[in-house]
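What follows is one chain in structure tokens, specifically the form predicted alone.
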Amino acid sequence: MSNPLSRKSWSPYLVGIAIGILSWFAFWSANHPLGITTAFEHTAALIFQAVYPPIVETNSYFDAESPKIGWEWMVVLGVFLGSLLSTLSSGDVERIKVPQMWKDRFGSSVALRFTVAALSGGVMMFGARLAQGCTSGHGISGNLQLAASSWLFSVTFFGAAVVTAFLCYGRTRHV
């Protein structure tokens, strides 16, 4: 029997079950849904607090919840370490800064690729926080709780992703 950690991909069904168990564990142990966005929000607040404290002190959001390195950061750390462990154990290591599909459409500029990726992530995070949630919170925890808002979010999120992919890449052989 081969080592499952050395496989380049795992069964999506088994991974889905594992994520469900992790979500149950988060509710049971911390009474909190899985989510990551709050970690970045708190990190930004901690940076502003160190540089210019009035920004955080006058923000009403942080009256109820002071910025901290909380358990959400442990999820971020776990995602990073899990990805690193998976990459190293499977040997699936490629140093691709600009994927071929992007290169075919927009050129080989690493700076452009990283700028668009960072801005896109920022827009997605802003939208998630504006909706008072996050992608993983709605997509995993909210859907598991059968929350109508999370199902609506998931349909909208994936629909927007499909439309964005077609707008960026058109109907090429890759999409």
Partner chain sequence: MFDPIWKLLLGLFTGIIFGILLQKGRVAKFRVIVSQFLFRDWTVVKIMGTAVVVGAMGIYALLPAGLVSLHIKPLVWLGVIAGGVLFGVGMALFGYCPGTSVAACGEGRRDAMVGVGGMLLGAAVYVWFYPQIQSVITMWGSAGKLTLPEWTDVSPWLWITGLTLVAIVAVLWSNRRRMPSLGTDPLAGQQHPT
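Residue numbers count along the first chain shown, from 1. C-alpha atoms forming the largest set that superposes within 1.5 Å between two forms make up the rigid core. Worth saying up front: this structure is predicted, and the values here are computed from it rather than measured.
Form predicted together with the partner chain: not shown, discussed below.
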If we define contact as a non-hydrogen atom of the residue within 4.5 angstroms of the partner, is residue 59 a contact of the partner chain in the predicted bound form?
yes
Would you check, heavy atoms only and a 4.5 Å threshold, whether residue 53 touches the partner chain in the predicted bound form?
no
4.5 Å heavy atom contact, residue 132 to the partner chain in the predicted bound form
yes
With the partner left out of view, is residue 145 within 4.5 angstroms of the partner chain in the predicted bound form by any non-hydrogen atom?
yes
Mind listing which residues of 81-111 have a heavy atom within 4.5 Å of the partner chain in the predicted bound form?
81, 82, 83, 84, 85, 86, 87, 90, 92, 93, 94, 95, 96, 97, 99, 101, 102
Large Cα move at residue 120 between the shown form and the other one, threshold 2 Å, rigid core:
no
Taking the rigid core as reference, does the Cα of residue 52 move 2 Å or more between the shown form and the other one?
no
Given a superposition on the rigid core, I'd like a yes or no on whether residue 40 shifts its C-alpha by 2 Å or more between the shown form and the other one.
no
